[in-house]
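Given next are two forms of a protein chain, the same chain in both, each as structure tokens and marked structure 1 or structure 2.
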Structure 1
Amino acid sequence: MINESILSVTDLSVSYWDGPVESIVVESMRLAFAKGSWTAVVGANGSGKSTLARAMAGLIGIRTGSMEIATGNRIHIVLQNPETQLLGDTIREEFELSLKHRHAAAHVTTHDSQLLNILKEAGLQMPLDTPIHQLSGGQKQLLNIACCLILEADVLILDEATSMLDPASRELVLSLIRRLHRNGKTVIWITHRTEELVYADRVLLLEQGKIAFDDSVRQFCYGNTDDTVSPCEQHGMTLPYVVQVVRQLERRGLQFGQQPLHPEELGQAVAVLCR
């Protein structure tokens, strides 16, 4: 992971008012996100995940604290419901509205060839005048990500962006984000699916608006060598499937020299044991 920070949060608090009662949803949070990193943010409903995401994206106000993004960099967010951010009738209109809303027209040219290239990069190859209502849920989410690309966003915040999609559409979105991450984008991935943690460098667990865990994915899923229960399990979450398989094999006496997270890593580890 690159150590240079692209986004930092200092003593950030966010609250909501319910009549005369103020509820603090995110409390005194201090965070820094490394340029080019992938951070997975997890936690139970009401833990503050979405509130933190929307505060960092500038969609809601903050109670106290500050946020700082490295000079020349931009943040964009993709929300849970693919329909939420789409206002245009066609793909072309959606691009135009995105540019107008962010006042970015002076920085991004909008020739059809360039727009089509952005669509292609986002995994969509279709005419610019395609009506948005004809797109599937997964395609709509890919279009939302394409809007991040046309705005030249450096930090992509995805707030449970796959939770309303079918498995095939989830894979399309994940594949795109993995490719963008390899190309240098900084990813902040809010999720409740532990299977999606394995693509991240770091896990940030929130509980009641505070940070309860902040370390690597392997540390979250496996814990220390002498731990019988991992931090993931301690916090009531289900282990990713690959980790579950490893644990079952370990109970049968197999010893792994590494801690697999991906199916490919598990396959390589088992192949070594079979030699």
Structure 2
Amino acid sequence: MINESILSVTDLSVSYWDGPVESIVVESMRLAFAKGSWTAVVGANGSGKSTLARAMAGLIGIRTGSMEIATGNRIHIVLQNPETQLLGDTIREEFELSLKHRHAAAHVTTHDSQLLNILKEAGLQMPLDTPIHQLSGGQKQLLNIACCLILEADVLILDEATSMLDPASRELVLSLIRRLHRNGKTVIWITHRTEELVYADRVLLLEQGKIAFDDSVRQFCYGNTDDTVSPCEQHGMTLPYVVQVVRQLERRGLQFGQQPLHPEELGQAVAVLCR
């Protein structure tokens, strides 16, 4: 079955004006995101990742092109800095501020139990009246994601949502996104860390506002069988740890049917080999 695309952009260009000079940051991009897919977007600083994300979230104007969202679906974005995205003082207020505008017409009332459920789904087990300044950076990002959930987002764009967090908090956010992806959310995950790619199913590499690579994660990390360097290495990125181990094993004669990407897959694959 060919997955229907939930979001597609055609000929998308975005530019910034610096005085009289126009610099094009995203250039004639054509992309489609399948429903329920997880796309990792990588690329050096200044390659246009954030601009693309913000354009897709409708936060900045576009120069040319068009964007199509499957009817009835919503896109929400979580940005890098956990400190400057929350406007309320308590979790309840934050939810209220998020909800108010969306349901302004329908006047949907939301019960505490519903709010608490969503909070719990996001991995935050705490009262609704918890002051936001008491949350850690990671918890704030979880709350930002919870706000997307409350607005029934179908597509979640995470623009380096983990880059300002410590490793423990990064894991919390990543495991929440894995959970949400399993439950059918479409994820667009912008990151610098190759270790965070391994759970995605597609890698989109941007270079100077253009798509330089667009294929599966496996292809990105391992390349074709006759390649000496994979696209990941070609673009100066560190290979994920699992891939490094598998590379060593392959060099020493072990063959894998399907090359593993993340720890769980490696464990399974090795168990099969040693049986």
Partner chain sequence: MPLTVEGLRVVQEASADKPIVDGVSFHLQDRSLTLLIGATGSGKTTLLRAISGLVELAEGKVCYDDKPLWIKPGKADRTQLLRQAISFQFPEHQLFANSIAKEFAYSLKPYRLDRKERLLRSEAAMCDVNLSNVSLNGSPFALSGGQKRRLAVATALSTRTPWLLLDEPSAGMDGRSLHQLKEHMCQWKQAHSIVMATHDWETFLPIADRVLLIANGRLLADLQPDALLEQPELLQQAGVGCPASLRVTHALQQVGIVSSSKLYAPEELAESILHAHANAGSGLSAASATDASWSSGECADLHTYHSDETSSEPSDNSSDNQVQRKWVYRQLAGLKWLMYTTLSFVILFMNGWWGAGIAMLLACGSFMLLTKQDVRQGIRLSRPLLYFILIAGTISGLRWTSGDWTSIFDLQEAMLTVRRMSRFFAITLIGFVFTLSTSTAEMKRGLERALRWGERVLPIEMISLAAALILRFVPLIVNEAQRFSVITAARGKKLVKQGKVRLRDVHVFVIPLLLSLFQMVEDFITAMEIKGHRPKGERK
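None of the values given here were measured: they were computed from a predicted structure. Start at 1 and count along the sequence of structure 1; that gives the residue numbers used here. Only the largest set of C-alpha atoms that superpose within 1.5 Å between the two forms is called the rigid core.
Checklist entry - So which is it, 1 or 2, that shows the form predicted together with its partner chain? => result Number 2 is right.
Checklist entry - To one decimal place, what C-alpha displacement in Å is found for Ala269 between the two structures with the rigid core superposed? => result The alpha-carbon displacement, core-superposed, is 3.0 Å.
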